[in-house]
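Take a look at this single chain in C-alpha cells; it is the form predicted alone.
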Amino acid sequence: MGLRERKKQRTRDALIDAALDLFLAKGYEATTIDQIAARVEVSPRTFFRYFASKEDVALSLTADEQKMLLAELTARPESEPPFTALSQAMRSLLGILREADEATASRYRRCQQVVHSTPTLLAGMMRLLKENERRLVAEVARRLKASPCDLLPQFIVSVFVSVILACVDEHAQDPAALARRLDDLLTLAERSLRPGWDMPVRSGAADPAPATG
C-alpha cells in the first residue's frame, strides 16, 4: 500500500482497537461513537468515514474475513471442484491467521470476546455469515453453470459452512488454534467425501460407486 493507504489503515485499526477496548470496559450499549472517536483523537465525522455504526465497527473483522473468503474463492481456478475451491480459499485465510502478529491476534481475541458476550452483535454476526453464505452459493452456482436456487450449490455450501461452524465456538478466542482446527476439519472432510460428490451427474451416467473402507 502507498503512504495514504497505510495511514487510512492505521486510523481504521486504531478505531477498531478503541471501540473494542471501550466495549470491554464499559459495555457495548453504554459506549458511544463520540467516545470511540475521542479515544483516537479524531472527530465523529472521521469515524463515519470508516464505519456506519457501532455494530459496523464491532463486526468489522468478521465482515473483512467474509469479503476475503469470497474474493479468494472467485480467484480459484475454474477447473477446481467447488468444495476444493472453497477449502483452498479458506486455507488462504488460515495462512493469514497463522501469521498474525500479536497486535492482530489481540484484536481478533477481543473482537470475539465482545461479539460472543453481546447478543445484539452475535445476531449481527450470524446475519453477516448468512449474507455471505448466499454470495458463496451464487459463486458456486456460477462455477457449475447452475442456478443459485438449485439444490447442488446450496448443499455444497451448506456442507462447507457446517465444517467451519464445527469449531468456531470452541476455538474462536485463539486465531492460531482456530486455523489449525479448521485445517484439520477441512482435511477430514476432503478425505471422507466421495470424489465427484460436488459435481453435477451427467445425463445417463451412473453415480460413482460408494467408497468402501
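One-based numbering along the sequence shown. Because the structure is a prediction, the values reported are computed rather than measured.
Although it is not shown, the form predicted together with the DNA is what the next lines describe.
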Of S158, T46, T187, S147, which one comes within 4.5 Å of the DNA in the predicted complex, counting heavy atoms only? T46
Picking from C167, I33, A177, L70, the single residue whose non-hydrogen atoms come within 4.5 angstroms of the DNA in the predicted complex is I33
Report whether all of G2, E41 and A52 sit within 4.5 Å of the DNA in the predicted complex, measuring from non-hydrogen atoms. yes
Interface segment, criterion being heavy atoms within 4.5 Å of the DNA in the predicted complex, picked from 60-68, 149-157, 178-186, 24-32: 24-32
